[in-house]
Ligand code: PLP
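Shown below, as structure tokens, is a lone chain in the form predicted alone; questions about how it binds or moves come after it.
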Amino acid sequence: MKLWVDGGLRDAATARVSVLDHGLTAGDGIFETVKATGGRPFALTRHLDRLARSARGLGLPEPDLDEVRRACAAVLDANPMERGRLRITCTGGLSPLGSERGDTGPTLIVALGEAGRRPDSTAVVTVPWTRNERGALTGLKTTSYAENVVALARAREQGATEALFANTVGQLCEGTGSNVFVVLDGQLLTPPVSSGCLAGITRALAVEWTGAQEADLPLDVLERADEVFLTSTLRDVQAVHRVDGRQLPGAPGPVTAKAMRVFDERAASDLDP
């Protein structure tokens, strides 16, 4: 396996990043996960646009997107696989111990791993912790992911693959690595980005392609929704058959099944929508 580190391909076994990199010592970094099928990335332009937005929001130098594209192409060419998870990471680089960022410039890493096809439906749980819709990192895709690690571990303990958060005012927000949609009284709805959720790439495409509407939703909408589904880079559109102890029999329901079909068709027809 070969990956890209600061300007060139390296063997995964020998690739090195400093132990004083701010991404390691302070979680100071941004990233994107891109689905790759047959060596071709999906929606790469949208992912790189968001990478640049996250860099600006975190105060990192904006990455050279041409270099990032070259790095992605090189890693995909060097590691042929049918379905992969392409991970682009930019960190604060070599820095003093503590929160202050150094001045040596950022670190760029691009890596690739195998990614299996997800099941058509899954189980989710709600967790007692909240997303802060007014936080400094809200809306940024950063490497500060420990909160998600804890929540996902809770979900796994309960036989689920995703944990869903409310925000600080009790509204439905997002999952650890996904956005959430609900069908309520025949309407397909998803929380707005003002709820504190990440502006997911798959979320945006699902909204465009299905006509879903944004709406502020209380967390307990999950107790009443006729259908629930998740969107993310590697899930695409995935139905939910259980929320906590509530079963949603027949998942995927008709609205979700249509969303799954439309997404698959549109994604197959345009790799960089």
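Heads up: residue numbers just count along the shown sequence, starting at 1. This is a predicted model, so every value here is computed, not measured.
Separately, the form predicted together with pyridoxal-5'-phosphate exists; it is not shown, and the next lines address it.
- Contact with pyridoxal-5'-phosphate in the predicted bound form, defined as a heavy atom within 4.5 Å, holds for exactly one of T143, T107, T176, T161, namely T176.
- Interface residue among A123, A151, L188, L198, judged by heavy atoms within 4.5 Å of pyridoxal-5'-phosphate in the predicted bound form: L198.
- Only one listed stretch (244-252, 57-65, 209-217, 230-238) carries heavy atoms within 4.5 Å of pyridoxal-5'-phosphate in the predicted bound form, and that stretch is 230-238.
- Among residues of the shown chain, T202 is one whose heavy atoms approach pyridoxal-5'-phosphate to within 4.5 Å in the predicted bound form.
- Within 4.5 Å of any heavy atom of pyridoxal-5'-phosphate in the predicted bound form lies no heavy atom of R101.
- Shown without its partner, the chain has no residue in segment 1-21 with a non-hydrogen atom within 4.5 angstroms of pyridoxal-5'-phosphate in the predicted bound form.
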